[in-house]
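Have a look below at one chain only, the form predicted on its own, in structure tokens format.
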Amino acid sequence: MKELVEIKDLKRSFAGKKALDGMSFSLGTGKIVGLLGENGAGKTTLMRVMAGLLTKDSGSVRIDGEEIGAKTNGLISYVPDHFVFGGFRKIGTVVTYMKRIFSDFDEKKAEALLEKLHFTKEQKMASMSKGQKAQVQLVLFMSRKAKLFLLDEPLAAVDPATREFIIKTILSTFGEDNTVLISTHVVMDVELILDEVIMIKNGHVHLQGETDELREKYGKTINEIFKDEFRFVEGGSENE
């Protein structure tokens, strides 16, 4: 069976500093996968390379058998860790933009989710809180019919109600034909929905496995395993 994601010996540096240093892993379909690591571990760099927003120094990245390029752009929906629609005045304008740019954008799904959150097309972006902007952005990018969803820290700095909605939206979008890769360093918030985890450290894969198998092997929760592997101490981690 062909893997949806195949990454081999991926390297990327910035000003001589290695962000990705021989990253290798593969992923199938029908999974929600946690990309776990401390801030600065290389999670965002990895996702941006996969999304075609950053070039690699060396190595191979294939999505559904294709090298990163025009073909993979239609397979991936990337939700960045910052709000990208600040240049638009109203939600309705962004919906129109998404429909024009992405042929797989499901406008009806987006409108239904926005309505659940009590947003209107006439609502102005400038009037929204950070949490509301995160909700709108997630809804729009998750309303594509992509094979691979890349979510970069979707739960960072949002309130509990928004966090719950984001998790429900992820679960409603997930299916047997696609995969969701969630980047986070706050494992507790997503542990229960993860089928698999990839823990990265110093720019390469430190630990990867099915969540149930890891829990059985270590006799701990994924959050506890993560803390142990990254040697967290009160107030932060030992290598901060």
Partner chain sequence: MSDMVINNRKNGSRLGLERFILDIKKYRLLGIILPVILLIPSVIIQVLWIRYDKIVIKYGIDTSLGNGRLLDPEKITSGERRIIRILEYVLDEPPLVRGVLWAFTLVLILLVVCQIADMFKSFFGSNSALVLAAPCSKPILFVSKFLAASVTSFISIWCSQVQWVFIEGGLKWDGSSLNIMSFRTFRGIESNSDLSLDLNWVSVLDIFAIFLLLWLGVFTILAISGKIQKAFKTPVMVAVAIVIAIALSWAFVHSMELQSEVNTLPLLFMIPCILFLADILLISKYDAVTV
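Numbering follows the first chain given and starts at 1. Worth saying up front: this structure is predicted, and the values here are computed from it rather than measured.
Just so it is clear, the following notes concern the form predicted together with its partner chain, a form of the same protein that is not shown.
**Study point:** K124, heavy atom within 4.5 angstroms of its partner chain in the predicted complex
**Key:** Result no; K124 lies far from its partner chain in the predicted complex.
Review point. Taking heavy atoms only, is R48 within 4.5 angstroms of its partner chain in the predicted complex?
Key: Residue-level check for R48: yes, a contact with its partner chain.
Practice item. Consider F119 of the chain shown here, and say whether it contacts its partner chain in the predicted complex, taking contact as heavy atoms within 4.5 Å. Key: No, F119 is distant from the partner.
Check your understanding: Would R100 show up as a contact with its partner chain in the predicted complex if we use heavy atoms at 4.5 Å?
Key -> Because a heavy atom of R100 falls inside 4.5 Å of its partner chain in the predicted complex, the answer is yes.
Check your understanding: Ok, K133, R163, K145, K90: which has a heavy atom sitting within 4.5 Å of its partner chain in the predicted complex?
Key -> So the residue touching its partner chain in the predicted complex, by this definition, is K145.
Practice item. Have a look at M128, L75, I167, A156 for me and say which one sits with a heavy atom within 4.5 Å of its partner chain in the predicted complex. Key: When its partner chain is considered in the predicted complex, the option within 4.5 Å is L75.
Practice item. Tell me, please, which stretch of 188-196, 33-41, 205-213, 55-63 lies within 4.5 angstroms of its partner chain in the predicted complex when heavy atoms are compared? Key: That would be stretch 55-63.
Review point. Can you name the residues of 71-87 that have a heavy atom within 4.5 Å of its partner chain in the predicted complex?
Key: Sequence-ordered list: N73, G74, L75, Y78, P80, H82, F83, V84, F85.
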